[in-house]
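The chain that follows stands alone, in the form predicted alone, written as structure tokens.
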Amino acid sequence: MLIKSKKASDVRSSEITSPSVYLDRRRFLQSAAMVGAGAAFGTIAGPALAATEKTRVKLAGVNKTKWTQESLGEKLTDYGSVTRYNNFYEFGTGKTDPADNSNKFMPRPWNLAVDGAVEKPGVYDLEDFLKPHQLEERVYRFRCVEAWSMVIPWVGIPLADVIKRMNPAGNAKYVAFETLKDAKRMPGQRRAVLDWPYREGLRMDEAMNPLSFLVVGLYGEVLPNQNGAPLRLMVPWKYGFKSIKSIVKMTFQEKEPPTSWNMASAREYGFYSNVNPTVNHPRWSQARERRIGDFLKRPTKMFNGYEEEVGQMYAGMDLRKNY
């Protein structure tokens, strides 16, 4: 339907309770009934369903891609850590706050507004918006600016495919994103930690890069609330705060959009926010990182290990100035 109009180093993997990996078939059918008769994008039962430890929904019909655990050559971060150690200030600033405070958040129904310099603006029902696209699983490294990291099997669709379908105009040089602003549903927004709503943006070539990914799930299941349900961005060569959660709006525009952390502290958070071990955060080094579940730190890789895929986009740029 289209309607116009504590630190990572302080937390051990063993300290985070990991729930069972998959639901039994009966629970899956019960959960599917909760979200109505329509199966989202023809393959899953309700991507907008709140995924909690009691209602975890397996995604069906997910294609494997070249971005696998084997190709990455790294072990996955366990599900419990991925879903219990999060930054999502809309639900609180502590690492476990998002999981503790988002259990009543119901990301359904959900609309996505598309506007700006684009041929097909409108307010789209999310399930219809995603329906033409086949779900994919991609295993990506995730690197936080606080120097902790994870390896996560995400499920979603290429951002480039959506952009091509919307057909932006030639003067659209950037894509801007916004998170839901609703303090009743997102209690962390009652505090002026940031200027709500949360905003992010990408240059058009970044958005069109094959790595850029719109996420609706992880570990083969519907995306949990604390991880950004029902729709988030994943840009694996950038620090995690660029991967905006609970997206309600995409705007195609000519000028560089304002972004939340850059607005809050431009000296610390640049627009590009590429993972770069040679450029320190003003308050700590970015040269090394601690993978959640590991004891020792490891060297941080340029562009989070994706230099071959994205480095050419920044050729000739001063990456200390354009941090």
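For every residue, the number given is its place in the sequence shown, counted from 1. In this text the structure is predicted, and so the values were computed from the model without any measurement.
Below, we refer to the form predicted together with a small molecule, which is not included among the displayed structures.
Engineer: 68-76, 202-210, 106-114, 136-144: which one contacts the small molecule in the predicted bound form at 4.5 Å, heavy atom to heavy atom?
Structural biologist: Heavy-atom contact with the partner occurs in 136-144.
Engineer: State yes or no: in the predicted bound form, is some non-hydrogen atom of residue 126 no more than 4.5 angstroms from a non-hydrogen atom of the small molecule?
Structural biologist: No, residue 126 sits far enough from the small molecule in the predicted bound form that none of its heavy atoms falls within 4.5 Å.
Engineer: Although the small molecule is absent from this view, report whether residue 168 comes within 4.5 Å of it in the predicted bound form, heavy atoms only.
Structural biologist: So residue 168 does not count as contacting the small molecule.
Engineer: Any of the heavy atoms of residue 244 lying within 4.5 Å of the small molecule in the predicted bound form?
Structural biologist: Looking in the predicted bound form, residue contacts with the small molecule include residue 244, since a heavy atom lies within 4.5 Å.
Engineer: Evaluate residue 198 for contact with the small molecule in the predicted bound form, applying a 4.5 angstroms cut-off between non-hydrogen atoms, and reply yes or no.
Structural biologist: Output for residue 198 is yes: heavy atoms within 4.5 Å of the small molecule.
Engineer: Considering 219, 177, 89, 252, which brings a non-hydrogen atom within 4.5 Å of the small molecule in the predicted bound form?
Structural biologist: In short, 89.
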